[in-house]
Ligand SMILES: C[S@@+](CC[C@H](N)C(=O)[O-])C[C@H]1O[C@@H](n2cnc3c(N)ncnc32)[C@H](O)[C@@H]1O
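We begin with a single chain expressed as structure tokens, specifically the form predicted alone.
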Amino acid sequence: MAQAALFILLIRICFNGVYRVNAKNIFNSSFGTAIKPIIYQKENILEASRMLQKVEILCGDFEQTYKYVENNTLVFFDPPYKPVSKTSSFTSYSKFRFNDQEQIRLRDYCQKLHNIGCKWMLCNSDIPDENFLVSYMHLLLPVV
């Protein structure tokens, strides 16, 4: 219980609620700017707990989710975002590199999920780039 409470505290005081580790698996998120952040909302935590009772959370390569999907499954992806500038790279701070090839592999995997009727949601950045293989997000699938 204490570990959960500390985790909630961390994500409430970190920049944008981000919990991040570096290549050595050491926590390295920066502080947020909120003067008086709301740390604890009992009703919110209880409702999230209720809604997550039938949810399976996996951590690993995204293609490992395939054995769990059916046509009524919703898969949510939140990969490292494509850097918005040369100094803000979110793709290389961990020991696993999530480069342009990984972004393309994720695109192709989302198409595979779509083809079997699985619903998916993806958070990512949309960075203009002269390389059409990199600027692929707008080519994914039509929103339905």
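For the two forms, the rigid core is made up of the largest set of C-alpha atoms that agree within 1.5 Å on superposition. Just so it is clear, the structure is predicted and the values come from calculations on it, not from any experiment. Note that residue numbering begins at 1 and tracks the sequence as displayed.
The next section is about a form of this same protein that is not shown, the form predicted in complex with the ligand.
Since only the chain is shown here, I'm wondering whether Asp78 would be in contact with the ligand in the predicted bound form (any heavy atom pair within 4.5 Å). Yes, Asp78 is a contact residue.
Contact test in the predicted bound form: Glu102 vs the ligand, heavy atoms, 4.5 Å: The answer is yes: Glu102 has a heavy atom within 4.5 Å of the ligand.
Contact with the ligand in the predicted bound form for Asp61, defined as at least one heavy atom pair within 4.5 Å: yes or no? So Asp61 counts as contacting the ligand.
Taking heavy atoms only, is Phe98 within 4.5 angstroms of the ligand in the predicted bound form? Phe98: contacts the ligand in the predicted bound form.
Per-stretch contact check against the ligand in the predicted bound form, the hit in 36-44, 66-74, 53-61, 110-118 (non-hydrogen atom, 4.5 angstroms): Partner-contacting stretch among the options: 53-61.
For the heavy atom contacts within 4.5 Å of the ligand in the predicted bound form, list the residues of 20-46 involved, in sequence order. Residues within 4.5 Å: none in this stretch.
Taking 2 Å as the cut-off, check whether the CA of Phe77 shifts that much or more between the shown form and the other one after a rigid core fit. The answer is yes, as the C-alpha of Phe77 shifts between the shown form and the other one by 2 Å or more after core alignment.
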